[in-house]
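Only one chain is included here, represented as structure tokens and corresponding to the form predicted on its own.
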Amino acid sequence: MSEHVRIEKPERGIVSIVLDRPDRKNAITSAMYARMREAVQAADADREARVLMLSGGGGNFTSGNDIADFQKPLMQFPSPGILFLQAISVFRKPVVAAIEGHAVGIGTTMLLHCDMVYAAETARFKLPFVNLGLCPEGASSYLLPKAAGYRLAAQLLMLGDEFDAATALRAGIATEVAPTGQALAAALQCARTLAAKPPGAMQTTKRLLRRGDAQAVAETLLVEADEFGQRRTSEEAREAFAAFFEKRAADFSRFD
């Protein structure tokens, strides 16, 4: 399904990764994660690429992991999704994201590894991990409290409710809120500005900004991935996924 990821070069110096599976709200499969990781690594090695952009087609960023794909046995550790997050977490150049519609699960946590995030005022975010019997991923248990403060991070991760662009801005997930339909244009203008600046100075600045967190992020990605892998096969997760497919409320009353 790597055809559901488009790699474009809208302007000189800018590489764009576009999630393009609109019939599933750009739900991400293992094959899509692998393609995204390849694109991130290629852009990092490309001397002409100065900025990486992330966006989604069809009016949404992404509804998160493809649930059907997600229920398949985990064949490797780290998973394709974690390998993508590792690649973007150490990407040396600026990363700019444009968010329209839904940004669910990893659709929100990957934004914590971006440098600039432009969210449409009608964009909706969600971190539903606990509700699915899972736990945070993408180093969000470290990065979100750092950006949002513990209280707001706990609210977003523990309740797992949908939240709006204004809350994403307050939580440090978004850089700026744009009018509906204008997030991509705002992100492209930012990428254009960044691409015109001296690349060496830009990469040094990013490295210095992230230096203090680099080791903690790398460690947290793996710790969360291990916990997440164990949660995937838990009875709680089985109940949550069964309820999802059966279109009913999950019942966790029998669990300790």
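Given the structure is predicted, the values throughout are model-derived calculations rather than measurements. In case it trips you up, residue 1 is the first one in the sequence shown, and so on.
What follows is about the form predicted in complex with a small molecule, which we do not show.
Remark: of stretches 60-68, 199-207, 218-226, 184-192, the one touching the small molecule in the predicted complex is 60-68 (heavy atom within 4.5 Å).
In summary, among the residues P128, P78, G149, G172, the only one with a non-hydrogen atom within 4.5 Å of the small molecule in the predicted complex is P128. Annotation: in the predicted complex, residues K25, L132 and K247 each come within 4.5 Å of the small molecule through at least one heavy atom. Within 4.5 Å of any heavy atom of the small molecule in the predicted complex lies no heavy atom of K93.
Using a 4.5 angstroms threshold between heavy atoms, H113 stays clear of the small molecule in the predicted complex. Although the partner is absent here, A87 lies well away from the small molecule in the predicted complex, with no heavy atom inside 4.5 Å. In the predicted complex, no heavy atom of A120 sits within 4.5 Å of the small molecule.
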